[in-house]
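Take a look at this single chain in structure tokens; it is the form predicted alone.
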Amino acid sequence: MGGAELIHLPLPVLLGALLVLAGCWLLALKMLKLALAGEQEPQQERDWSVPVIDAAAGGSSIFHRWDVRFKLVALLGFAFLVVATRSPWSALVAICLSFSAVLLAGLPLARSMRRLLAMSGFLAMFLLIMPLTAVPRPADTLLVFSGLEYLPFNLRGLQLALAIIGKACAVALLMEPLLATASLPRTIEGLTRLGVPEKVGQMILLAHRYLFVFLEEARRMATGMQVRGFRRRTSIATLQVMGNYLGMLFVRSFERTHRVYDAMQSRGYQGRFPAPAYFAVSVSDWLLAASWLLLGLALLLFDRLWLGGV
């Protein structure tokens, strides 16, 4: 194993550890789902023409008042600096900072927890894959289980997996105060002012707005099929019906895009959206941006100089 330290353990230890980890993970998911279910509001008729990414844009926190251009540069810069760290302890500090940003922005925790819940299944695979696939180094510690000597468990790989998971969670949490504290048109206009092509911004805005209309159209068609007695089965007839369903869905979507474009032209659209005067720079914008970038730089230096990475 190239001089790596070997620790031999019986196979039941591995099986017990896997069962305990799986149980803890399932219990945490169950508790999180119950907590989210308790915070859900009564179901109301949804306006499917309005995107929900900026549902909390009407707040008055420091993130809501922050100029969106400075916010984009500072928080994205902080995210890149977080990704450049190597230690799981640095990732833990980044999670705390991102969670603090969510609290300072006054955003609902249920929304942020749902984002992490959606990522949990994918991220959990790193805990098993990376320790088994990390190339051993002379300073590594390998756990070798009886009967599985050909498949050592590298503790350095486990640290790498924890670092990746922590950084992913930190960046995912940071996206909430970045995107939810300003209206989507304002964020897109900020990206345009920072140099993103205007056509790209328009495509993002239109695609995001139309996505929910598309999903509602699909839901209405599926409900109509169920009312008429359709039930999904493993049969050729089901495949034919689903093929017709998808075809009609795309045809209706294509027809609606023409109607939307005609409506836009009738309202004076000539290739660009009107850009209201959203931006007014203040000293606090500069201070906030500098603070977040310095926090990210300090975290990176702490990771490389103090912790030494992985």
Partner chain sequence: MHISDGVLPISVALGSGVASLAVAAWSVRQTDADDLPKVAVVTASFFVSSLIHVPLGPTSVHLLIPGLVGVLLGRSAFLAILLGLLLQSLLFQFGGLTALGANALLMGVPALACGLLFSKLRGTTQRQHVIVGGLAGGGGTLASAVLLALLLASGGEDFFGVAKLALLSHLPVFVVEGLVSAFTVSFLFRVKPELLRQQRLGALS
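For the two forms, the rigid core is made up of the largest set of C-alpha atoms that agree within 1.5 Å on superposition. This is a predicted model, so every value here is computed, not measured. Positions refer to the first chain, counted from 1.
Heads up, the form predicted in complex with its partner chain isn't pictured, but that's what we're talking about next.
Note on the partner interface in the predicted bound form: the residue among I129, L148, C96, L103 having a heavy atom within 4.5 angstroms of its partner chain is I129. Distance criterion of 4.5 Å from any heavy atom to its partner chain in the predicted bound form singles out L160 from the list L160, L143, L92, A124. Contact here is defined as any heavy atom lying within 4.5 Å of its partner chain in the predicted bound form, and by that definition not a single one of H64, A110 and L194 is a contact residue. Using a 4.5 angstroms threshold between heavy atoms, G58 stays clear of its partner chain in the predicted bound form. Although the partner is absent from this view, A74 stays clear of its partner chain in the predicted bound form, with no non-hydrogen atom inside 4.5 angstroms. Interface membership of L155, defined by any non-hydrogen atom within 4.5 Å of its partner chain in the predicted bound form, is ruled out. Interface membership of A139, defined by any non-hydrogen atom within 4.5 Å of its partner chain in the predicted bound form, is ruled out. In sequence order, L76, A79, F80, V83, A84 are the residues of 66 to 87 having a heavy atom within 4.5 Å of its partner chain in the predicted bound form; the partner itself is omitted from this view.
Positional change of I62 between the shown form and the other one stays under 2 Å at the C-alpha, relative to the superposed core. In the core-superposed comparison between the shown form and the other one, the C-alpha atom of S284 has shifted by less than 2 angstroms. After superposing the rigid core, the C-alpha of L194 moves by less than 2 Å between the shown form and the other one.
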